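To begin, one chain is listed below as structure tokens, in the form predicted on its own.
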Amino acid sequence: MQKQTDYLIIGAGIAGLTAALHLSKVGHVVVLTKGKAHNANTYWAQGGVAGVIGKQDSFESHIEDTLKVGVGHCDEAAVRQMVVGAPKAFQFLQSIGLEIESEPFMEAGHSQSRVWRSSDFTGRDVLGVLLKAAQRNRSIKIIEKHEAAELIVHADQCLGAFTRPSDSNTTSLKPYFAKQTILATGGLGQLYHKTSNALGAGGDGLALAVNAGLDLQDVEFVQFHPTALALPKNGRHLLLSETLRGMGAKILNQHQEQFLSHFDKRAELAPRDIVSRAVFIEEMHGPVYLDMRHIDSNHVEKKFPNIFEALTAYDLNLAKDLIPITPVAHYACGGVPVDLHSATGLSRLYALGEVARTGVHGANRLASNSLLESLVFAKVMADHLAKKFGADQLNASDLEMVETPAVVLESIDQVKAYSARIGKIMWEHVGILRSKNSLEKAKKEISKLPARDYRIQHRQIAAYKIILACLARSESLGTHFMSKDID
């Protein structure tokens, strides 16, 4: 018997689960996640959700800040849709049980304090209430440890995805048909040796789209977060939230001197691309630290209890120690191009969240706009699809003509080895500082990888597309910084 649903969502982070909850009002939803549901990047988001919900702020100010940080490369219509949609997004979060603090925080690039938190681990809190709401909903089925190996494309439309259990050795793919398929696979940070991203964030959604015949856009704009703990654990680096600097944290060099003002007059509150480059360059001369020792320790622990506790595992005290930091790959500003309804260029296929290129981030994302983007665009997409629910039936003869492809699996050790190799290539040659020569080296090395397993091919494709996009943009812009010094 064929597996079929109204809506197939690939990914169970904030974008996928928000979409599922909205779409469940009109149809049946299946959500696939290749790990456990709580393993999404959303879990690790600390800062909060940016949004104008107070009289002291304005939509126009938020729009202006977003466009400015995006260095003129944003789609203003998409930015406006996101910003104006914030009040309803917050109402939605509160309706499913999220408690939001009464005062907003300031973060880099914002002209107003407009980042709203539930705690210093806001992403974890948001994911928690979304999961509980989805698990209670009888119209939503979450299938864990299942991944999409390839989209089902027939007659110029997407009919679902070929899937398999991600924790098995089976090479058999099973088609899961859907009236509408939504890519919500998240980011690509694990393409880089140093990242804040969850282990599964390797650009799968980008590769699925490319293999389905779609182009990517703006994937050269990979945002690096400037303040991650310099001590990796379990394949990722602990993020040290932007709100720490918003509350007055300093960044110091090995001589315990502030240096960011030499790069930008906004110093610690400059946009992420500028701060990341400054920290990266300073690291060439010695370690760099985050310093909160000048702020009342009780206040620090009260405002950032989760970060405070997380650092104790490294024998570090957020309020009393210099915390070693490093920039890490954090967020993809580009991805699969979509319109204002999140529709891709392939019929019946939509994309949401970090895998999508909505145009709201331009060449550099404004802090804490990512969660807001997912919330707003998921609601807009769901409203759009609800209007066409009765007219989007699948043709049974089309499903019968679909042929299931074969796949080759390599050992998990080989998969990990290839992943590590790609991570090194991307970090060394396609990282914070790039050059034509470094990019050509990366292109050559990525091309040589003899990957047969789709799990590595996905990463190989995503990395290759990023490299090509970087080479196509010879001038620096936002997070894409070209330097002759590393030739």
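Residue numbers run from 1 along the displayed sequence. What you see is a predicted model, and the numbers here were worked out from it, not measured in a lab.
Heads up, the form predicted in complex with a small molecule isn't pictured, but that's what we're talking about next.
At a distance threshold of 4.5 angstroms between non-hydrogen atoms, E220 is out of contact with the small molecule in the predicted complex. With a 4.5 Å cutoff on heavy atoms, V430 does not count as touching the small molecule in the predicted complex; it lies far away. When the small molecule is considered in the predicted complex, A40 lines it closely, a heavy atom lying within 4.5 Å. At a distance threshold of 4.5 angstroms between non-hydrogen atoms, G186 is in contact with the small molecule in the predicted complex.
Residues placing heavy atoms within 4.5 Å of the small molecule in the predicted complex fall in a single listed stretch, namely 195-203, out of 300-308, 79-87, 195-203, 411-419. Here is the short version: of A230, L239, L290, V376, the single residue with a heavy atom within 4.5 Å of the small molecule in the predicted complex is L239. This chain is drawn without the small molecule; in the predicted complex, the residue among L159, L244, L371, V336 with a heavy atom within 4.5 Å of it is L371.
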